[in-house]
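The form predicted alone is given below as one chain in structure tokens.
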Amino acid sequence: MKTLRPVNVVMVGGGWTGLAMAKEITHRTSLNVLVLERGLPRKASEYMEGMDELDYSIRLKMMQNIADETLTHRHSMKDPAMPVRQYGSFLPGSGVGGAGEHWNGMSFRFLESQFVLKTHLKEKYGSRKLPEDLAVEDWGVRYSDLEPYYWKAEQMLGISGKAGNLRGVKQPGGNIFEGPRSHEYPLPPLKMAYAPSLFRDAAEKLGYHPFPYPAANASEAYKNPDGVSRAGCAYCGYCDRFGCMIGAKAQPSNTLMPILSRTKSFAIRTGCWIRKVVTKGGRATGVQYVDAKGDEVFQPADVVFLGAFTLNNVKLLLLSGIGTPYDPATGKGTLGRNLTHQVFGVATQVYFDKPMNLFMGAGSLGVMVSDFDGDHGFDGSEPIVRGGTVWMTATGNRPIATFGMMPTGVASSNWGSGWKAAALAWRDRVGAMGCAGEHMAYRTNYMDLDPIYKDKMGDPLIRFTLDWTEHEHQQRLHAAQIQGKIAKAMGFPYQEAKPTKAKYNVTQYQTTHVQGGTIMGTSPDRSVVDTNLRHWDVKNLYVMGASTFPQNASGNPTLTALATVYKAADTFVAAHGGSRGQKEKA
């Protein structure tokens, strides 16, 4: 094995969290940072060369190679686990920027109650009302602790939106259920598409409080505090699963890399397959990896940060023997526990009487209702203790993925000339509303190493033990009723959502928002890292990203992941002689 020259900080993963932390450290301390990324380099300019829907959206060009590494899944400890052979329920990104290159830009702050969920639920409902085997935890930080870091992330990304709670004063047109914000959004909301505007009007008629999605798609030209400029959105509809061809969508390649690429104390190395964190005497001494040439390499470092996708953060710690693996039979151990996803419901389709121009859109263009998010509006008589949001989006009606949407019974079969004629007749006249609910943590949902299946390096695959519970089924039923009310108020024919009580399905896309496994907290008995993301057992090892979330809110996790990184960066920088201000390096 080849040993390389030591560095101050080695960062595993070149996505949002790794690059954001690298930028903070290199610009505020004298430390040098090396980022190790498994995938290939990415440049914002390459997205101008082609936006092939088949290549990117169907064949998933920007995702990890599932032939090299996958996961295994089972519904319970009693079931055999089988490897996932094609992407389904989530899509892990690959390359510099990670999933931050192919995301849609939805940028939510979590509700105040989410950060104290264990305490909140017990105080509101008592233990008898709560679902069996519930394992939710308090984060150890509160919304008020993260609020300034949310704002910092929103400025870096250039979020478009409308505040609903400005310093405690409710603001019409925004999300009045959000926690208090210190500032209005950096940019005004995106221009609203026709179909979501009809959803908004119907929701208002019912007494709900609709608001535009907070979007990392710039509504107009924007320069962030780092001096990075981006163009305003062109509403081309090619956001999720694509990199933005004009740079209007915030991505690591067009927000953080322009700064880091001219920083002398920063370096990034691609094609690096990390196999373990090496420790000695209770401290991390570096990481072992296989480089792009296939050689085994040891990279010494004073400090190690893990900023990979949730699965990979957990897998690396398990392979490295760092921490105590979770045992669901005894409830002991912390590494791998509190696996959560995101509860997506069944769509309610609305059939319009004319074309909606739905081919124009953006990844975060839409209207949302949060009146039933968290436990807003709940009096305790409901079959659920946490709800979610209901929405209608206009993210871009691309020709391959959305072709064939039509009312049930219009065509006699799902192929042939009759089906094609009906599909063309209904093209651009079908809108869909959906829901996103909180996924609470349960003792039965967790990650560990598979005892049979291995990746291309010969290391065990990560194993998911995950299934939906009755609570998630009831969440979908509750949301479907709200969707139906809004669809009826819109005044067009619609097809009701009919959720079933199916098991968790690895072939059906949910979202790419997988959380847990290395959760944060205030006690090593209940968490893997502390509230500054430092590992309890290895003090010079840090873990970042959604793997540190004790459970997931209804909203997408990116903004909260960045907020926790910025908070941890302040503590780390202060401990290493840095400043709170920005110290640029030529």
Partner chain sequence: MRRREFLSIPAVALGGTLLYTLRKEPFIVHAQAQDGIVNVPLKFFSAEEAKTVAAATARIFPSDASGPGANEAGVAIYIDRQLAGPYGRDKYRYTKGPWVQSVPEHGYQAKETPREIYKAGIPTLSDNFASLTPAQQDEKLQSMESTTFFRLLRTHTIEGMFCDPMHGGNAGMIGWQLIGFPGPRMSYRDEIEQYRSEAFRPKPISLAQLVGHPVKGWEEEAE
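Numbering follows the first chain given and starts at 1. As the structure is a computational prediction, the values presented were derived from the model and not from experiment.
Missing here is the form predicted together with its partner chain; even so, the following discussion is about that form.
Contact residue in the predicted complex, from Gly437, Gly361, Gly105, Gly431 (heavy atom within 4.5 Å of its partner chain): In short, Gly361.
The single option of Lys170, Lys454, Lys124, Arg283 touching its partner chain in the predicted complex, heavy atom within 4.5 Å: Only one option qualifies, and that one is Lys454.
Which of 227 to 235, 312 to 320, 132 to 140, 174 to 182 sits within 4.5 Å of its partner chain in the predicted complex, heavy atom basis: It is 227 to 235 that comes within 4.5 Å of the partner.
Check all three, Glu49, Ile246 and Ser417, heavy atom within 4.5 Å of its partner chain in the predicted complex: Yes, the whole trio is in contact, each within 4.5 Å by some heavy atom.
Exercise: Ala329 in contact with its partner chain in the predicted complex, heavy atom 4.5 Å: Output for Ala329 is no: heavy atoms all beyond 4.5 Å of its partner chain.
Contact test in the predicted complex: Lys43 vs its partner chain, heavy atoms, 4.5 Å: It does not: once its partner chain is placed as it appears in the predicted complex, Lys43 has no heavy atom within 4.5 Å of it.
Contact test in the predicted complex: Pro300 vs its partner chain, heavy atoms, 4.5 Å: Flag for Pro300 set to no.
Interface membership of Asp55, its partner chain in the predicted complex, 4.5 Å heavy atom rule: Yes - in the predicted complex, heavy atoms of Asp55 and its partner chain come within 4.5 Å of each other.
Sequence-ordered list of residues in 183 to 198 near its partner chain in the predicted complex, where near means a heavy atom within 4.5 Å: Residues within 4.5 Å: Lys191, Met192, Ala193, Tyr194, Ser197.
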